[in-house]
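Consider the single chain below, provided in C-alpha cells and representing the form predicted alone.
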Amino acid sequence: MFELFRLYRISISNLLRARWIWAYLGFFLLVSFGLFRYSPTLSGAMVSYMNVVVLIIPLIATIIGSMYYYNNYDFSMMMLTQPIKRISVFLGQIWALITMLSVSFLIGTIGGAAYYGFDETLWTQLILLMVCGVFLNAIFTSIAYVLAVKSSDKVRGIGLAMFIWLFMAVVYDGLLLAYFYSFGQYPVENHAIAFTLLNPIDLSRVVVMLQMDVSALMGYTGAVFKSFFGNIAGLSISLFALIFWVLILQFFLWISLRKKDF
C-alpha cells in the first residue's frame, strides 16, 4: 500500500508538469465562464454546459487514458524490474490521472461559474453536474486502461476505447430510440430505466436535467424518468450506479493486471 501511494504521488508530480493538463483546466474555465457570462438564461447555460461535460469528459478521458498507458509503458516496465508489485505501478498511475483530470475539471468549472455569483439553484445543480463529471472521468479513464492492458497494439487499444465512447455517446441512444419505437405498445418503462443505468453518459445527463426541471426537453425519456429520478431515492440509486461502474471497472483492471504477461 505504501508503494502504491508513493507511485501515486510521483505520477501526480509528473502530471502537474504536463502542459495538456493545464490546457484541460483552461478549456473548462473558458467554456464555463463564456456560457454563464453570455447565456441569456441560467437554465440555458446549465443545459449547454451539461452537454459539454457529458460528451467532452468521456472523450478526453478515453483518449488521454489510452495514450497515458502506452506512453508510460516503458517506464512501467522499468519499475517492474524493481521489487514493486505491478498493481501498485499501474493503479498509482491511473488514480493519479483520474485525480488530475477531475481536479482540473472542478477548478475550471468553479472558476468560470464564480462570475455568476452565489445562487442556490445554480450551485445545487452545478455540484450535481460536477459529481457526475468526476464519475465520468473515473469511468472512462478506467475503460481506456482496461482495454489498453488487454491490447498490446496501441492503435487497436485506442480504437477500441474510442468505439466504446462513440457507442455510449451516440449509438446507444439511437438503439434505445429504435427499441422504444418498435415496442411502444408494450410497457417498456422499466426497461428504459434499466437501459439508462447501463450507460453512464445517459445516466449523468438524465440525473442532471431532471434536477433542472427541464425534463420536457427530453421527450419520452424525461417523462419516464421524472417519477423515478426526480426524488432523493432515485438520485441515490443513480449515484450508486455510477459508483458501481467505477468499482467494477477497477476490479476488471485489477484482474487484467494480474493475468497480463508483461
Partner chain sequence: MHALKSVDLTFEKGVVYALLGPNGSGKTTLLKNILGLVKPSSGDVLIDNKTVINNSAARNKVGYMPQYAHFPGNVTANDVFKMLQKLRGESKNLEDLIEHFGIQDQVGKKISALSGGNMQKISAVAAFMFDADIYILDEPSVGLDPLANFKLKELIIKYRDQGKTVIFSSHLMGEVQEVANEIVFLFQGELIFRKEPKVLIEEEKAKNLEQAIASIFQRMYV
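Everything numeric here is computed off the predicted structure, so don't read it as measured data. Numbering follows the first chain given and starts at 1.
There is also a form predicted together with its partner chain; it is not shown, and the following applies to it.
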query = Among Lys150, Lys154, His191, Lys85, which has any heavy atom within 4.5 Å of its partner chain in the predicted bound form?
reply = Lys85
inquiry  = I need to confirm a contact call. Of Phe75, Tyr115, Phe163, Tyr179, which residue comes within 4.5 Å of its partner chain in the predicted bound form, counting heavy atoms only?
reply    = Phe75
query = in the predicted bound form, does Leu247 have a heavy atom within 4.5 Å of its partner chain?
reply = no
query = Counting only non-hydrogen atoms and a 4.5 angstroms cut-off, does Ile10 reach its partner chain in the predicted bound form?
reply = yes
message = Is it the case that Thr81, even though its partner is missing from this view, gets within 4.5 Å of its partner chain in the predicted bound form, heavy atoms only?
response = yes
ask   = Relative to its partner chain in the predicted bound form, which residues of 12 to 36 have a heavy atom no more than 4.5 Å away?
value = Asn14, Arg17
